[in-house]
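Quick setup: one chain, the form predicted on its own, written in structure tokens, and binding and motion questions come after.
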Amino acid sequence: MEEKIWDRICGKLRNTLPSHIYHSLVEGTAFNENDAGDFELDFTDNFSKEHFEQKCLPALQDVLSQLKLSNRPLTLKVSSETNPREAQYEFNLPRRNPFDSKYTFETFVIGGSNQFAHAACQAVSKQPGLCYNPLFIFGGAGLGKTHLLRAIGYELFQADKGQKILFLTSESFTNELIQAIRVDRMKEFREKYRTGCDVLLLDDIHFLAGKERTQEEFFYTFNYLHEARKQIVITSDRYPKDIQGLENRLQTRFEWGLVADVQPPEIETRIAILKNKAEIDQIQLPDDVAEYIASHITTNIRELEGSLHRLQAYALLTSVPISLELAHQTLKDIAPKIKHELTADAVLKLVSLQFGVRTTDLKSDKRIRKLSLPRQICMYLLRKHLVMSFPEIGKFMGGKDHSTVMHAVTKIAELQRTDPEILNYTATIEGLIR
């Protein structure tokens, strides 16, 4: 009877909770009905119990109400007898190359927006642990960060030097940690990520924001690997210090090695990406169609490729060749995305008016206090609103160095959180931009 009730509850929870939450926190949890008819859930430790209360208890209470069982008392308790040690938890490393040959350095299209990050990843793949450790790659979604991460892994596996390479998302790392705690296998978990790992490729580190227990475990894992000169490569959608909810000690460590950004590709690179993808997938893509798609989709490579596949599918279904006319018809919903674009010159002019300085002075090499702040704010706004790469901003601002621009952008971003005057300056100019 207990099993039938729990099966019904689990069936509804499976459709309510995110899959990773269900599998890590609900599946395998011991359910009992005592002599008084009360429900009990047993956990192996307080951490698992507290995590369940935060993530699953509201949904469970809703399900009990739906099944007209809300009048039955529910108790959550910790019992060391629950979830025996025999519970399976896989820590074995893959014996074959787990990296897809579609995601290599050869299939990655290089442009000014990603050249620096690409070169850094190649250097790491040739000398893991000896240069750029850790390597931190950041940029928006769909710009190729995961591609680069997989390319490093593919290259290292192909080299066949017997290195133990781990590639996973930060979400997977978190779920494995929760599972290891639940089944009392922390020793094996730590062995996998420390002594059993030579190269750690971790995707989407921003997922750890706000997860104190996971951050603590990763902090010690990071220290162990770094001290042992094991290579660490991390990706994120934000610069380390811009990840709110991430401990300062981790943010600092992520900057120990090299921080490289990946920016939205310029139109030439977007066209090259489309042509490259078309060649791989054997799609006949006319130049004018590639230019049409690339001129409308400017910030996401996945959207570029998705539009190409959509166009190809329509062409196959209607038995007509791909043409500019067909692209207009099939991809007409992307046309409204084009707006009157803000220009770099307009941003520069707004900043110069706000501070009462000349635009030529902002672009100059004059190092005086009157110019340094508006110059840095201009760089910050160019980065934020035009999504320009650091080299592009440097070139526009009179040939400034890439590192100078990066420092300026980071500094203004930090000052906005602590200095009301700086926040007021940027907010005033952004009000005019919008």
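Heads up: residue numbers just count along the shown sequence, starting at 1. It should be emphasised that the depicted structure is a prediction, and the values quoted were computed from it without experimental measurement.
The form predicted together with adenosine-5'-diphosphate exists for this protein as well; it is not shown, and the discussion that follows is about that form.
Using a 4.5 Å cutoff between non-hydrogen atoms, H147 counts as a contact of adenosine-5'-diphosphate in the model of the complex. Contact check for G129: no non-hydrogen atom falls within 4.5 Å of adenosine-5'-diphosphate in the model of the complex.
Although the partner is absent here, A209 lies well away from adenosine-5'-diphosphate in the model of the complex, with no heavy atom inside 4.5 Å. Interface membership of H328, defined by any non-hydrogen atom within 4.5 Å of adenosine-5'-diphosphate in the model of the complex, is ruled out. Heavy atoms within 4.5 Å of adenosine-5'-diphosphate in the model of the complex belong, among the stretches 294 to 302, 191 to 199, 153 to 161, 213 to 221, to residues of 294 to 302. This chain is displayed alone, yet in the model of the complex one of F355, F254, F108, F167 has a heavy atom within 4.5 Å of adenosine-5'-diphosphate; that residue is F108. This chain is drawn without adenosine-5'-diphosphate; in the model of the complex, the residue among L143, V233, L308, A117 with a heavy atom within 4.5 Å of it is L143. Of all the residues from 243 to 278, the single one having a non-hydrogen atom no more than 4.5 Å from adenosine-5'-diphosphate in the model of the complex is I273.
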